[in-house]
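To begin, one chain is listed below as structure tokens, in the form predicted on its own.
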Amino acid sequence: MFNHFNLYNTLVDMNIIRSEKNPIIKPEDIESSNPGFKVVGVFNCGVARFKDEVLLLMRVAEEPINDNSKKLLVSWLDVNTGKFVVKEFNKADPSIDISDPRIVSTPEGYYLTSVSHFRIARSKNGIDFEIDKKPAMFPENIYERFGIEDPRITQIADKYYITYSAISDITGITTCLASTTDFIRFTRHGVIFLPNNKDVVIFPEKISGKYYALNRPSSSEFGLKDIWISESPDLVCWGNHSRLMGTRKGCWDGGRIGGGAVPFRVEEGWLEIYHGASRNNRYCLGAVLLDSDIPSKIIARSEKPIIEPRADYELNGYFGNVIFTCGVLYEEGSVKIYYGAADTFIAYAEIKLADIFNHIIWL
């Protein structure tokens, strides 16, 4: 199916097949949704097979066009007018911190340097995509003032459920749920996890009569950023929350971890491809195997990354040294990973399931 590949060997001797066409989608491939803005990143996409196509629901980041190198422009949604407000900062102002290219820290609070929406890309072969000109989902309420980010797609029967992060200076970071049957019309179901919680991925079937989801609540007091697991009778009301697994001091995932792709069933259990970051924000992907009937039980976990930043497009970009996934396809014994690279691009890689199993530690 896929004919254009480069082979890299990571530090763990994992056979990673990256597409020779990487990055397969770039910011210049996307038309801006607003004439006063430019696209600065397309990354972190959910993925689904729909009819005879592979669909990517992509996070598209835009920022106001700025011709003054001494100024910094930020923007957010005015929910009363439905239009975006643009605010200007002087980069030389000592009261603001712009050391992180994604955030402006000011005495009055935080602003994001870009605002994200979702766009669909469609492909027959999974590598060459045609991109919709108009957004599929756009910020539209108080929870989404600073944008919508990082969609994951879970198919249950003939409906596709989308979890995504909604960012707002008023309500914090919440996780919302939407659904579609045709990837044309999307129904919002509102907030399903309280702030600050993100990286929510829903399992694609009920287990012992319950829906399950991985999620990542954050503790500002203690700095904990671990993966939790929660239950639901209806995909909207979630409870019986419990900590699934934590970061590992001094390891590749010692800074934070979070759900990545939607878990998929294999003979040995549920395989979850998750992301982990070091203390210096180097993002890699790992794998954890969960029990088929008791998904809160860990069977095996990566000791080292299954894929880590190596290529130039993974090392350099809007926020470099990052590999981050929101979606994979498991087909024909291969895990096909669509991932955000350096918060700028979408790239593609394949890993044989057998290789992953050879590099995880069974507990």
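Residue positions are given as counts along the sequence shown, with the first one as 1. All values reported here derive from a predicted model rather than from experimental measurement.
The form predicted in complex with a further copy of the same chain is left out here; the points below concern that form.
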{"query": "All of 143, 222 and 238 with a heavy atom within 4.5 Å of a further copy of the same chain in the predicted complex", "finding": "yes"}
{"query": "Selected contact from 79, 178, 127, 173, since only one has a non-hydrogen atom within 4.5 angstroms of a further copy of the same chain in the predicted complex", "finding": "173"}
{"query": "Residue among 196, 247, 123, 113 with a heavy atom within 4.5 Å of a further copy of the same chain in the predicted complex", "finding": "196"}
{"query": "Region of this chain that lies against a further copy of the same chain in the predicted complex, out of 281-289, 114-122, 211-219, 259-267 [heavy atom, 4.5 Å]", "finding": "211-219"}
{"query": "Touches a further copy of the same chain in the predicted complex: residue 232 (any heavy atom, 4.5 Å)", "finding": "yes"}
{"query": "Contact test in the predicted complex: residue 74 vs a further copy of the same chain, heavy atoms, 4.5 Å", "finding": "no"}
{"query": "a further copy of the same chain contact in the predicted complex: residue 228, any heavy atom under 4.5 Å", "finding": "yes"}
{"query": "Distance check, residue 169 to a further copy of the same chain in the predicted complex, heavy atom within 4.5 Å", "finding": "yes"}
